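In the block that follows, a single chain appears as structure tokens, in the form predicted alone.
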Amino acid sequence: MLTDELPRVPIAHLPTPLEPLPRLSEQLKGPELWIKRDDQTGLATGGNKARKLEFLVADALAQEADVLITGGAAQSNHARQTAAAAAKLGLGCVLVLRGEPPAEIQGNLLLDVLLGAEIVWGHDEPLNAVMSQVAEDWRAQGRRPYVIPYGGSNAVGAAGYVAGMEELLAQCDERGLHFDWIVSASSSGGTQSGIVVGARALGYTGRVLGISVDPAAEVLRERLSGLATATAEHLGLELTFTPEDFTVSDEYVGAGYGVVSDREREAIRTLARTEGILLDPVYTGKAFGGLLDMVRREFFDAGERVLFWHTGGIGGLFGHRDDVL
């Protein structure tokens, strides 16, 4: 295993299921569609951050940290799973959330509160600056904070998806499967960069497509290449990456991060009503909406097998009720 030498805390439910989508594939008359269910990783409704947190929290414990600090949007999936990991391991947790306190506490924010996290509202200040100040304040109180970057997307966190790629290819070997494409939502970069590092190190011959939920493709490819190179170095792999090593589509960003359109609404309803699987409106709904459009435009060959890597986010669905109905 590529990540065997790294400290790791087993807090995710792994391996996650690998399932075909037969009714949807038949409806679309395109490639054979499958799904990797990282919405089933545990930690307060699941999601991709659980894989990253296994390594990030282990690093925090190795540094004798007693409080985790991270940040994100008000309905951040990463913040919610960090709060769950902290609760599970008896650590304090401070979440720096963008913007102002909402009128109602719902969705992921409700779960953050139930999990015992302290909420700090960042207002219009840069999240990293606020997180740094919060960490300084806690150090002044004699505590040992560990700051986790936005999305858990650094070399330590991205290692979780190197391990995830190992898991997927082992499942494929067991079942005699090969995926021509792996498609996922992409934003802070840890998931896609980890998958691509694992793919190259393990000799995967398919293609990895990230559907951006916010950054322009050029910006995201630069982010991914730097993070992938750092992740490979962290793992002791002699691999380097350039922006050209990453396939990214920014066609489906729409009006921006967290802005729900008819595409996301249609994607959420389609997967729910054909396969009984839920998506969220910010990440997986946007990415799956893009995937559906690409299938309908015949971007994929009909004989190909395409995997959608579900990165979770179900808690956020309940924070966007009026947007998705």
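In case it trips you up, residue 1 is the first one in the sequence shown, and so on. The shown structure was predicted, so the numbers you read here are calculated from the model rather than taken from an experiment.
Keep in mind that the form predicted together with a small molecule is not shown, yet the notes after this line are about it.
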Contact test in the model of the complex: S186 vs the small molecule, heavy atoms, 4.5 Å: yes
Partner proximity in the model of the complex: T16 to the small molecule, non-hydrogen atom cutoff 4.5 Å: no
Interface membership of F55, the small molecule in the model of the complex, 4.5 Å heavy atom rule: no
The small molecule contact at T231 in the model of the complex, heavy atom, 4.5 Å: no
Residue stretch of 41-49, 261-269, 62-70, 24-32 approaching the small molecule in the model of the complex, non-hydrogen atom distance within 4.5 Å: 41-49
Three-residue site G210, S249 and F300 fully in contact with the small molecule in the model of the complex at 4.5 Å by heavy atom: no
